[in-house]
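We begin with a single chain expressed as structure tokens, specifically the form predicted on its own.
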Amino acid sequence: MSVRVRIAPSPTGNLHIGTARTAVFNWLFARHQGGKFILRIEDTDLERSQPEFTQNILDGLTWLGLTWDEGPFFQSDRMDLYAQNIQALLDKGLAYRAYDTPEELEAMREAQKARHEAPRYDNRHRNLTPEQQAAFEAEGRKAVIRFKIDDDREISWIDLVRGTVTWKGRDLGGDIVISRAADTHGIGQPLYNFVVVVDDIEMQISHVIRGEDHIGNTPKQILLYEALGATVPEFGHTPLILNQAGQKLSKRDGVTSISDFKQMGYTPEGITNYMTLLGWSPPEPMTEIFTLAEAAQQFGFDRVNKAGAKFDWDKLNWLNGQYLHSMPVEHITDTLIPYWRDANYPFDETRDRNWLEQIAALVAPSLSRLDEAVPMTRYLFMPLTFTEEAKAHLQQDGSATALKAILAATDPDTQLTEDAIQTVIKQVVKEQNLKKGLVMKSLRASLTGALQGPDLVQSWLLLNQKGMDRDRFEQAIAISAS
């Protein structure tokens, strides 16, 4: 059997990390099996679907490296196909028009609630006569189209993740609506459970891989596959991504869309690596750091967990940092430049290229996210601000003496080297009879405005290349005297 899987996001919001993780599992399975990965945009909800969300989905999948083999297909272009299949079910007597008003349905639910029964449709319009239908239509009632559910039917499938799953027809809530607001001759707006089945049949989907929150839809869809005379695909329901409280990750938890993760400075490699580990365990001797292609060679649902996967920011940051630390300096410089540009740091990409690469090499080993480079390197681009801690140190005895001696020992017309800096520090410590720790702290406070930060000698070299070091020493000496 040729493997054909699909990811089918709805363009009613940005690409969510849960949808993206489902896309990763589908992509890995397709690549492992030599099959096809198909992209379908489920945009039948015309009121909520927006083109900017569609673009966000396409951009997000592309950025993650989840290239699709077919599509994108849009459900809004396929309404005629849905109409044909709904009419086929009506013609077979497997579906019917129901004319219940919202008030009648609410009264039915309230009565069930009073009897302590689970809410369900009682199929009251399943066997209307033509005369009854005509009477309802004469009243101006709009019909929905319902698909008949056999309460005595047992529906089972062997889930790729969960093994045998069984539902009883009576637990599906009665005959289900597959299209709403249908007039006498039309089908109205077809609904999710129906259109996905029609699409999967027409696209010859062999495996439906999705989150466990869809398990309740699967028995209804199996019945629809059978009613339409199609082969039922295999199903795999993957664990949900949970927050630290063990609840499904949602917008209330803050950042959840792929575009947000990108903006925060995560790499596509780090995100896809982490998403793969959210529910899948790599086999030995495979490490936790791998590319999509490497994961595809090993991927299988026998190693997908049933339990929900808790989102761990520390683990994601660690993984992302591994990719940043191993990035060639030219690459990480290219990646950091947009962040520096968005922060309005002054530089010329061409003229300052070598200087920018030195900055990237300086901070890259400390990064877990790209956006961290902005505050970390501010002192190299912008006028200096001093922390209270730095000011307090500069006002200690000996700090001004050290800085004045450093100014006297360096030539403003000669570019410093690492060896020259080490020589100056030793000279000032010896000639001024100062502790090296005080000299080094005074240097850091005057050059960076803080008492912690990236390598001090490299920072001095970078500032010296731009002629910014001597002005900072003089500014620090003024603070010492205040």
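Counting begins at 1, following the sequence as shown. These numbers come from a predicted model, not from an experiment.
Not on display, but discussed next: the form predicted in complex with the RNA.
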Next item on the list: Would you check, heavy atoms only and a 4.5 Å threshold, whether residue 456 touches the RNA in the predicted complex?
Entry: yes
Notebook entry, point to check: If you check in the predicted complex, is residue 308 within 4.5 Å of the RNA, heavy atoms only?
Noted result: yes
Next item on the list: Examine residue 465 and determine whether its closest non-hydrogen atom to the RNA in the predicted complex is within 4.5 angstroms.
Entry: no
Notebook entry, point to check: With the partner left out of view, is residue 119 within 4.5 angstroms of the RNA in the predicted complex by any non-hydrogen atom?
Noted result: yes
Next item on the list: Look at the stretches 436 to 444, 60 to 68, 31 to 39, 410 to 418 and give the one with heavy atoms within 4.5 Å of the RNA in the predicted complex.
Entry: 436 to 444
Next item on the list: Kindly confirm or deny that 52, 335 and 391 each have some heavy atom within 4.5 angstroms of the RNA in the predicted complex.
Entry: no
Check: Heavy atom within 4.5 Å of the RNA in the predicted complex: which of 328, 93, 229, 365?
Finding: 365
Next item on the list: State the residue from 378, 153, 162, 124 whose non-hydrogen atoms include one within 4.5 Å of the RNA in the predicted complex.
Entry: 162
Margin query: Using a 4.5 Å heavy atom cutoff, which residues in 264 to 288 contact the RNA in the predicted complex? It's fine if the answer is none.
Written below: 277, 278, 279, 281, 284, 288
